[in-house]
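Before any questions on binding or motion, here is one chain by itself as structure tokens, the form predicted on its own.
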Amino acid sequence: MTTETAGPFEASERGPTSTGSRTTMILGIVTLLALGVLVLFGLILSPADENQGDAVRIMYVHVPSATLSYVGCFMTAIGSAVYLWRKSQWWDLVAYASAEVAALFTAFTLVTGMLWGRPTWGVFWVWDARLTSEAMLMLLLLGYLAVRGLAADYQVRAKRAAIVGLLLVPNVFIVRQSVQWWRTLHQKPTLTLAGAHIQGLMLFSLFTGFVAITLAFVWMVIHRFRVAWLEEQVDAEGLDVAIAERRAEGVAS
């Protein structure tokens, strides 16, 4: 005896039935509180830098945003790999949601980096190895989203997007190592395995930034996944209705 499934996906796959839940509501409230603490420490309590002055405060959102954009790229690559292996809609949508949020965080990283670069380097943009590789990462994410949004059969566009998604990890590695491999204007990593190059309230403010930005990232990915899942279910139901109507027309004729 076999179980008939709707579409190319396993019947055991289950997803959300709404865009929000009690858990995401609590997570959203905690995220807002964490962002408030970040504003307090980042703009008021932490001291200005001896060399960069108040411009250093951009670091408290710039560094965490860059790090979480890399996390989003890794999640997209993992989701893409699992989709290619198991043809799981759940993992494809994890990759899709992560890519959208990663693109947002990458764009925010580029913008805050430009704002930080103006008082530090004297210009908003230079074709520095770190900035250029980060811009390439942004283009690759936009390419993934463009392929994922093509008007084609679900399996076709999901497979093509997954292949693009696998390319994100090598690009992230290039971005991360660019300040080590080439001579760049961009400073070396603030936090390393050997320790931190800042201390006191500046270090605590950066840590607060990581907590707040991570919470925001998780909240966004969860909600985007829920929306994407519901969108696909609506599209699938619409396709089933259209097929049923076409078959009914055939029988009637």
Partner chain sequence: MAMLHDAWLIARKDLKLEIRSRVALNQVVPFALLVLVLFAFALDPDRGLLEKATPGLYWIAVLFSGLLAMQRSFAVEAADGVTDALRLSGLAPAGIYLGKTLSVAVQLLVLEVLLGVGVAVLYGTSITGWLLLLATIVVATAAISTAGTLFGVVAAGLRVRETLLPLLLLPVLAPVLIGSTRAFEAALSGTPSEGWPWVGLMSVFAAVYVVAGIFGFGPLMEES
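Positions refer to the first chain, counted from 1. Keep in mind the model is a prediction, meaning the values are calculated, not measured.
This next part talks about the form predicted together with the partner chain, which is not shown.
The three residues V156, P170 and S178 all sit with a heavy atom within 4.5 Å of the partner chain in the predicted complex. The partner is absent here, but in the predicted complex a heavy atom of V147, alone among V111, V126, V147, A81, sits within 4.5 Å of the partner chain. Of the candidates V71, A107, L115, I174, I174 is the one whose heavy atoms come within 4.5 Å of the partner chain in the predicted complex; the others do not. A residue is said to contact a partner when one of its heavy atoms sits within 4.5 Å of a partner heavy atom; L93 fails this definition for the partner chain in the predicted complex, lying far away.
Among heavy atoms of L131, none comes within 4.5 Å of the partner chain in the predicted complex.
Contact check for L140: a heavy atom falls within 4.5 Å of the partner chain in the predicted complex. Of the heavy atoms in M75, none are within 4.5 Å of the partner chain in the predicted complex. Taking a 4.5 Å heavy atom cutoff to the partner chain in the predicted complex, none of the residues in 95 to 118 make contact.
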